[in-house]
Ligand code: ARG
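Before any questions on how it binds or moves, here is one chain, the form predicted on its own, in structure tokens.
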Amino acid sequence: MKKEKIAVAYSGGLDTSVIVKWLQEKYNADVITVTGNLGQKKELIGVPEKAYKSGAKKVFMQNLEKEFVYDYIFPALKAGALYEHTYPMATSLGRPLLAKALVEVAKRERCTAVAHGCTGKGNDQVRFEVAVMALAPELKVIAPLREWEFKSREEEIAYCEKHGIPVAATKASPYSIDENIWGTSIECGILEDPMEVAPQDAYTRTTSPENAPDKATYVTIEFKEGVPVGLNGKKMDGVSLIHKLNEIAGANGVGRLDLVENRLVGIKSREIYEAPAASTLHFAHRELERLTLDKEVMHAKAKISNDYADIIYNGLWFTPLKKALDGFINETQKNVTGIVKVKMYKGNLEIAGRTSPYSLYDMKLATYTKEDTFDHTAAEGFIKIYGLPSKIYNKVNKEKFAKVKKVLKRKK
């Protein structure tokens, strides 16, 4: 009987390391691992060797960093997509791309199923499986963490030790870490208690604000149609720019986030994030939009930004709605071109200047000096027309109330 072939989305972390061996034992299958390079660093060290030691028949390592930046990160940046107004969604953005890579390998290798290492109460299971359903509905999806016998990470670690599988997690440091170029998410261990301050050893890419330089750092970021194209006066490709900005902002303690967020499955979870470049670019992009978008578009886009963030977070990247919203977003970004100067100091970001050839800011209209060209006499008529509906409504209802009150007084 021909063995089943299963392609696994493999990170090299604890869960996926266990999965390779477990699938062999449970399904008597040949396992193929697929790992995508999204700009993570430590997580890729020794991954092929680890996959083979776990029992993989074939190992695929794919460099997806450029595609990730231009086709996933920058659309989200242009949209101003921050989940619950805060989280830049590094993990959420990576999942549809990893699912796409997984499906492509599975088809090429004639696999009958794909598997992922997502938990039964997490968001990633939805993101992976909905993406696979959209891209390859014929593939079966296996989620070992929803069915296997392990009840804790400690049991998984013991399983790895039994089978000689090397893993980075230990019983003393049981953090679950997911990293890519756009940010790092850290959960588990002491972090599960929202009253506990995140320990310094949980952070890997940012300096503690207390230990950051005592002198402020300034950066200038150039945007073209909503996309960052230059840093400190030097033109840069997106990948290089984000890596460099991660270094600069991370050294200044920028980008640490501690959130209790609403998961898609209905529970609240506490996670900490590090997103130095993402935090800086979202901040700068928003400030440039304040300068270049007219009021109605800016206010409408704020609503769309929340919807777009929900789409990403909830695993609906490959959907008609997301594609339709991209049309609106791209239209709004045509004039979001210019330079933003940002001040970084001990974890804080402040605007230090902004300019654009499409700036809608007119100093002669805004000034209170003798250079003022605003027509103050027009304000009286504007206010009368603007407030007329409110005036009429309250006048009518006040008169009605007075009549009713008069009638009731007579009856007494």
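One rule holds for the numbers: they count along the sequence shown, beginning at 1. Predicted model only: the values in this text are computed from it and were never measured.
As for the form predicted in complex with arginine, it is not shown, yet the points below apply to it.
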Just to be sure I understand the contacts: of N335, S176, T217, N306, which is the one whose heavy atoms reach within 4.5 angstroms of arginine in the predicted bound form?
S176
Here the chain is shown alone; which of F223, Y72, Y87, W317 has a heavy atom within 4.5 Å of arginine in the predicted bound form?
Y87
The chain here is shown without arginine. Which stretch in 266-274, 209-217, 225-233, 147-155 comes within 4.5 angstroms of it in the predicted bound form, by heavy atom distance?
266-274
Hey, in the predicted bound form, is H116 touching arginine, heavy atoms inside 4.5 Å?
no
Wondering, does E261 line up within 4.5 Å of arginine in the predicted bound form on heavy atoms?
yes
Could you confirm whether T280 comes within 4.5 Å of arginine in the predicted bound form, counting heavy atoms only?
no
Would I186 count as touching arginine in the predicted bound form under a 4.5 Å heavy atom rule?
yes
Using a 4.5 Å cut-off on heavy atoms, which residues of 308-332 contact arginine in the predicted bound form?
Y313
